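Given next, in structure tokens, is a single chain: the form predicted on its own.
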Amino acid sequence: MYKFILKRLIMMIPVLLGVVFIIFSMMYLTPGSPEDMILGENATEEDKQQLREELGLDEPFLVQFGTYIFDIVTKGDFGTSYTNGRPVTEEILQRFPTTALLAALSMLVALCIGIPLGILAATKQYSIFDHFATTVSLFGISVPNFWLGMMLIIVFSVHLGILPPSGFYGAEYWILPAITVGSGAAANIMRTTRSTMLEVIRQDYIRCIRAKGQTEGKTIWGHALRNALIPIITVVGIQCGVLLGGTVLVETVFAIPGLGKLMVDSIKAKNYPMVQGGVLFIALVFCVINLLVDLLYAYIDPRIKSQYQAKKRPK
């Protein structure tokens, strides 16, 4: 097990390097320059050139990229924000708890909707419940999060006036953003749960359990769902990373002071270190979530756990 964890940690290195290279290249090739945003339009060319030299933006691309990677590896330094001069790490750690809370609430909404609807659609295949669940999942996948968020604000905040339209200061502020972000994840979880449960409930051992007189509830929830959890957990792990990235636009729509809104504001301000650090941090969290999902397999499926134990036994 420890060798597996170490192997997966080593495999994260090229993934993170690829993410850094892509985002670094995109920010480098983006039109505009940070010195124009920092100094303003009335700044002289001498002031702009001096600032570029101070920020290291006058160096070639490979030199800038190598310096950025070297500072991260040796110092753990993700750079300094161009807008307020604070370290990027402090800004990210200050905003990330809000984003993590929004992602957790959204995943809770997705699980509470996706798994029951998926099980209901599988056990009542081709019924009105199945068609309803399929329609809901299609709606959740097709509708953009930012559009759904604006529609929810118009209905529940503007017309009905029962929920606040923006902010993230209490439980009543969490409802609309969590539903907005969690709708797409709920749709994907529902589709996976339905297809996996359809395959499991047709197995011979399920027929045997029913023939022995076991109740339908215990058969579905105690036996079928347990054997269908591996694909469901895989999708849930992927959706956790998607939710972290999906909060970027939603936080902007609902004016939530999280990491997503910080990155959007940083893109507008050409704040290269903040954007690069934010994307790298989200990629790192995504890799850790995938590792935890792989480890969770061993505790759900005894066959996977036995494979790890068999590797430890001497031949």
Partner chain sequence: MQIKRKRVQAVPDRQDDILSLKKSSQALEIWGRLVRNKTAMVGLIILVVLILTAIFADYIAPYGYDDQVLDDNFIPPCAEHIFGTDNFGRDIFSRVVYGSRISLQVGLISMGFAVIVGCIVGSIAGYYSGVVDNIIMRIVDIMLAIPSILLAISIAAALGPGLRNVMIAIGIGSVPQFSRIVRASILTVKEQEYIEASRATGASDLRIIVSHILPNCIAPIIVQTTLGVGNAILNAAGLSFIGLGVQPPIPEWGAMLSAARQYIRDYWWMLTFPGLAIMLTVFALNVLGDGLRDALDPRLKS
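Here the structure is a predicted model, which means the values were calculated and not measured. Residue numbers count along the first chain shown, from 1. By rigid core we mean the largest C-alpha set that fits within 1.5 Å across both forms.
One more form of this protein exists, namely the form predicted in complex with its partner chain; it is left out here, but the text below deals with it.
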**OP:** Could you confirm whether C208 comes within 4.5 Å of its partner chain in the predicted complex, counting heavy atoms only?
**Re:** no
Original post:
Would S142 count as touching its partner chain in the predicted complex under a 4.5 Å heavy atom rule?
Top reply: yes
**OP:** Consider V158 of the chain shown here, and say whether it contacts its partner chain in the predicted complex, taking contact as heavy atoms within 4.5 Å.
**Re:** yes
Original post:
Heavy atoms within 4.5 Å of its partner chain in the predicted complex: does V293 have any?
Top reply: no
**OP:** Report the residue, out of L138, A104, C112, I230, that has at least one non-hydrogen atom within 4.5 angstroms of its partner chain in the predicted complex.
**Re:** L138
Original post:
Pick from G167, G245, P116, P97: which residue has any heavy atom within 4.5 angstroms of its partner chain in the predicted complex?
Top reply: G245
Subject >> Among 68-76, 158-166, 82-90, 179-187, the region lying within 4.5 Å of its partner chain in the predicted complex by heavy atom distance >> reply: 158-166
**OP:** May I ask you to list the residues of 144-180 that have any heavy atom within 4.5 angstroms of its partner chain in the predicted complex, in sequence order?
**Re:** P144, F146, W147, M150, M151, I153, I154, V158, P165
Original post:
With both forms fit on the core, has M26 moved 2 Å or more by CA between this form and the one not shown?
Top reply: yes
Original post:
After superposition on the rigid core, does the Cα atom of L292 shift by at least 2 Å between this form and the one not shown?
Top reply: no
Original post:
With both forms fit on the core, is the shift of the CA atom of F65 between this form and the one not shown 2 Å or larger?
Top reply: yes
